[in-house]
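Next up is one chain by itself, shown in structure tokens, the form predicted alone.
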């Protein structure tokens, strides 16, 4: 007998909505989340140290979500780090998680993985220096701690997080030295047409840009950071104009800009560690952020009882996430034979309509072929194991073309992040050398733990004197 009918992993917009839908139908559920409070990245809760702060649409939506969860009396375990997912001999899902230093195991008939997305950063020389953080990491600082990354900040990369990050730094009293945009003005103009499905969000973005313009912040369109300079901390960056493929040009505009911090990001990747460990099929779609678990509109995977909701099933954006969560819950409830059959045509239509805005913004972050050419031989690709591009290329050129072979030969992806920072970049380098497609290159094999575990939690408490030690063998 299972502990729960359904376990939802992730309490962001999709996971929380899925949990509430399943609870209302009478399912026995457990909601697990690695964060201290529900809301995910988009609706991240403020730190308890923040006494008061101006309300934003995100904080209002996040506060309502957290309030609704409490009203439903959902069993929600925070600070829960899921590390294992597998089917047991009774054909139930077994989930292992760490909470407050202790390991726990629970079983369920169905899982909804709502693990969201993780940011992608294509490194250059100096990316590992203190003072360099991702755009998404910067937004976490803003939302949770109302803190800027430095006194003088450069914002670089592509997509809407670029403009949002610059605006938030200004709003919080920081200084933005420059914005370095891979996208051109034309790219933004075309994307804006597709974003007209959400005129409220488009208008909000326009107000951000207006404040940036009023502050006279230099914007370098169709440009990229080529090198980050500093000994023990970032001191300045070199930038260059790029061609249509996003490769730095050998001629044209080049500048050095001084700063003590750099926020740099190149879009989002679906966070697929959980569904990989559960052995679901994954496909590569650049327009959806790269590798994502394969699902239908209801989040059904090809594994019975396994569902995915939100950006881990393809980057559709925050607007579509609640609908995707509710649809996944409906499908899971149908699998569990709980509740009544619902007419979902309108819900699917709303999800697809909301996804149009998210897909338009994701389109701005699709990497072009020349982008990886800007990563120098000395650039550190795997920060955990300090593996450079030069080391990766040597390993790939020696015949290690599979992700597992590259990992085995260089330790790229073996560190605490489990490859979340480096696997995508390593695959891009592999692609340039081997000529294979990303689908042909594939993914590394997923093994537990999918998140680091402390030795103290694994060992727990035991007495060495109780260990059975055999007597020495006779001479």
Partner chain sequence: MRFFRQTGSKIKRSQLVEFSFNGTTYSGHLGESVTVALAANGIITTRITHDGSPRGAFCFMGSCQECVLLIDGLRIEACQVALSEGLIVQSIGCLIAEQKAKGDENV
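Positions refer to the first chain, counted from 1. For clarity, every value in this text was computed on a predicted model and none was experimentally measured.
Omitted from view is the form predicted together with the partner chain, to which the following refers.
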Open item on the list: Please identify the residue among 218, 130, 199, 286 with any heavy atom within 4.5 Å of the partner chain in the model of the complex.
Closed with: 130
TODO: Only one of 305, 370, 150, 319 comes within 4.5 Å of the partner chain in the model of the complex by heavy atoms, so just point that one out.
DONE: 150
Open item on the list: At 4.5 Å by heavy atoms, is each residue in 205, 255 and 438 next to the partner chain in the model of the complex?
Closed with: no
- [ ] Choose from 65-73, 52-60, 426-434, 23-31 the stretch whose residues reach within 4.5 Å of the partner chain in the model of the complex, heavy atoms counted.
- [x] 52-60
- [ ] Report whether the minimum heavy atom distance between residue 81 and the partner chain in the model of the complex is within 4.5 Å.
- [x] yes
- [ ] State yes or no: in the model of the complex, is some non-hydrogen atom of residue 227 no more than 4.5 angstroms from a non-hydrogen atom of the partner chain?
- [x] no
- [ ] Although the partner chain is absent from this view, report whether residue 90 comes within 4.5 Å of it in the model of the complex, heavy atoms only.
- [x] no
TODO: May I ask you to state whether residue 172 is within 4.5 Å of the partner chain in the model of the complex, using heavy atom distances?
DONE: yes
Task: Residues in 214-240 with any heavy atom within 4.5 Å of the partner chain in the model of the complex - done: 231, 232, 233
